[in-house]
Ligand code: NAD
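Take a look at this single chain in structure tokens; it is the form predicted alone.
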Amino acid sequence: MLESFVYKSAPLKVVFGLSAKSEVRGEAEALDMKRALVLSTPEQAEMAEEISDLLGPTCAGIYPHATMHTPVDVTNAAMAHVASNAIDGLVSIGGGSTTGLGKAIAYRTDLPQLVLPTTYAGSEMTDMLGQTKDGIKTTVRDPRILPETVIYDVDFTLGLPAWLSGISGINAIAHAVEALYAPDGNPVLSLLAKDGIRALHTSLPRITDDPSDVEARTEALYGAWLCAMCLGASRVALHHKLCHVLGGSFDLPHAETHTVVLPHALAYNAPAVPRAMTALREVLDTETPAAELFRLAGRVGAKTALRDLGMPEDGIDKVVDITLANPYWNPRSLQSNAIREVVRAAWAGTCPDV
């Protein structure tokens, strides 16, 4: 018998396909943007120039200063630029860093956002903002944070290096894995989660073998979108909490941290989420889903140990203390010694056995 549930769909427009970037000016104008600011990281300034050209007179400038983990001081500097240039809309081109900056500005100004993702990170589909101040990363949810329009152009992912595609895709898988056992989950989200995980699990190794495989790129971007929808519609748990702590405390790279932590967080929760584990066994075609996600990381050339990302061994206790000081909901109760073993296993890069 189907259980009762609540499903809420985000009020967000998606444009998906090859060369979808050609729609950017029309979509910006549909949001009544007349002085749009194009955001990017310094490394993606060339892409920002391309979007500026497509926007034409709608573009009021480029701000290529987005930074990983959305530091508050970077946001404050961007806010000053927005105010002094009478910006009335934000066009973000890039991954989670750029999307984060756009969301941070929108949270403070309620300016409309149009996002063109270049990775599989997925934050463009959520009303959630993670920002860092004084070495602590905190999360806030608010309707103003959710972008109004997202343009998924497969072309933008063709130049994404294979190794970055892998970790970005596994980052997306993490969103869907937690949605399978979220307290506000439902059958619709479970369908999205399973199809998203399936698409990425099958396409990421193909991208590793041939980064120019358009069919695999399209499937991966589709899967990332589904996983991002899961993140936008459900609560997160231990996996995301640990990653936020690790990123804020040690400035570890976002997607790589998610890739390392995911198998270990899933292994910890496995005894408490039998239904989710059954779904993962089916979609990953394995009896050991956590181990398969660990193997997938190796298959796509990702690092599988926090120590290889620069985390010191003496930081393990700090991670545990911060995690337990302000914990997220989790299906299995958080026990200090057990969480310490999770972090230690992730630090050492030990493959889970479940």
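Please read these numbers as outputs of a predicted model, since none were measured by experiment. The first residue of the sequence shown is number 1, and the count goes up from there.
Although not depicted, the form predicted together with the named molecule is the subject of the following passage.
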task = Given the named molecule in the model of the complex, answer whether the residues Lys241, Lys303 and Pro327 all have a heavy atom inside 4.5 Å of it.
result = no
task = Pick the stretch from 62-70, 295-303, 313-321, 22-30 whose residues have a heavy atom within 4.5 Å of the named molecule in the model of the complex.
result = 62-70
task = State the residue from Ser234, Thr257, Thr118, Asn269 whose non-hydrogen atoms include one within 4.5 Å of the named molecule in the model of the complex.
result = Thr118
ask   = Just one of Leu160, Ala279, Leu189, Ala78 has a heavy atom within 4.5 angstroms of the named molecule in the model of the complex, so which one?
value = Leu160
ask   = Is Leu54 close to the named molecule in the model of the complex, meaning a heavy atom pair under 4.5 Å apart or at it?
value = no
message = Can you work out whether Thr288 and the named molecule are in contact in the model of the complex, taking contact to mean some heavy atom pair no more than 4.5 Å apart?
response = no
inquiry  = in the model of the complex, does Thr58 come within 4.5 Å of the named molecule, counting heavy atoms only?
reply    = no
ask   = in the model of the complex, does Glu46 have a heavy atom within 4.5 Å of the named molecule?
value = no
Contact set, 199-214 vs the named molecule in the model of the complex - heavy atom within 4.5 angstroms = none
